[in-house]
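Provided below as structure tokens are two forms of one protein chain, presented individually as structure 1 and structure 2.
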Structure 1
């Protein structure tokens, strides 16, 4: 009798370990394997979908801001200067939510994890001690700040635009409307995989803060992004000196296949 019990226990034990091992393999990778998953590196990351990343990083969208800071200041009562644009809505959200799931971001953008995250190797992170000549190394978790500059740079050179001063001072002269000029100038724009070009034009017609927001209104840098200069209908043949170095197409990483471009 005893022997049967022993055999039965052994049998049950082995079934249990086999099934749990299989479950672990199919659902969860261990921490090391997950951290070193090829999806974090080129070339796999270049084509990864949000769903794939969120499969392990759902917290990126679910995590909420603190209702109250440890010092007792409520998130509700706190507004930063970049949260005073007329496009800003709703309660405080996290950085990732503001780029991926806020109503406004979904209206005008089609951001992917890989728009910002291009992969970084934890073994190739910042040199210690810091060395300014070793710029090929990125800081841990770091994203190339040029990506941010596209939408968080300074308002472009106002003299070049033919404005008497920065938009903050001159907007009233131009009826607070970028399209007064930009209906006809540099109007071949925003055909990139992280923006919703048509929706931007529609929203920009109603409210110039939509345009200004990404071109000076949420400025994190002193400089302005050197935007590619796409040819537009009626453009002068002569290229001005300042534009001679400019690319005439968006960065290859962001281009949309020609057959999918929407012409307005």
Structure 2
């Protein structure tokens, strides 16, 4: 009798395992199931790891830039805009490679898929083909532009910073060294979870393009990002007029727990 129950238990376990594996394969192969997987929605996506995302979206890192553009220009014979800074080395890379797997991104950034992608809801997506009578929907895989603006905004108002002209023109006056001033001014920097603050500070001492790259050197927008004015040692008590509307803390989803903030 015991042998009978043991065989029955083993049989049921085998059936359960086969059924589970079949279900998992079905989910991963079926686009409709994958589209509505809870990981694509809040709150699950807020804690999704890169490994979880790349488990299904690895192609975004495997994809390579075109050897030759449709116009016939080869990648080797020209420079992309992001290659004009000295911090970028090597051949051209795709958007996601530059943010997730390039040497420079690994050195100074801690970018996660969810840093930019906060999830999407197919119920609120724009239909395909587009319908001009229904413009209330968002595009698929939309990203908040303010997230991009944090690193791809215009150079800040140089007059407000006390510079005689744009950094492109006045950098030599300051020995091409941002830290010539900022070693003692607004020195509580880069304390967000998608950057490596200590690595940025170290690299910035050796190459000003590390600083300028994210503060105007890789500009996508005509405006600059209104960074929060985190208090720093020696900060003046009087707040200038231009800063009175500025927040004093980063957005909650980018904040680092107090016990993990790096000390410079």
Ligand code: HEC
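Residue numbers count along the first chain shown, from 1. Each form is matched to the other, and the largest set of C-alpha atoms that superpose within 1.5 Å is called the rigid core. As the structure is a computational prediction, the values presented were derived from the model and not from experiment.
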Quiz item: Structure 1 or 2: which one is the form predicted on its own?
Solution: 2
Quiz item: With both forms fit on the core, has residue 69 moved 2 Å or more by CA between structures 1 and 2?
Solution: yes
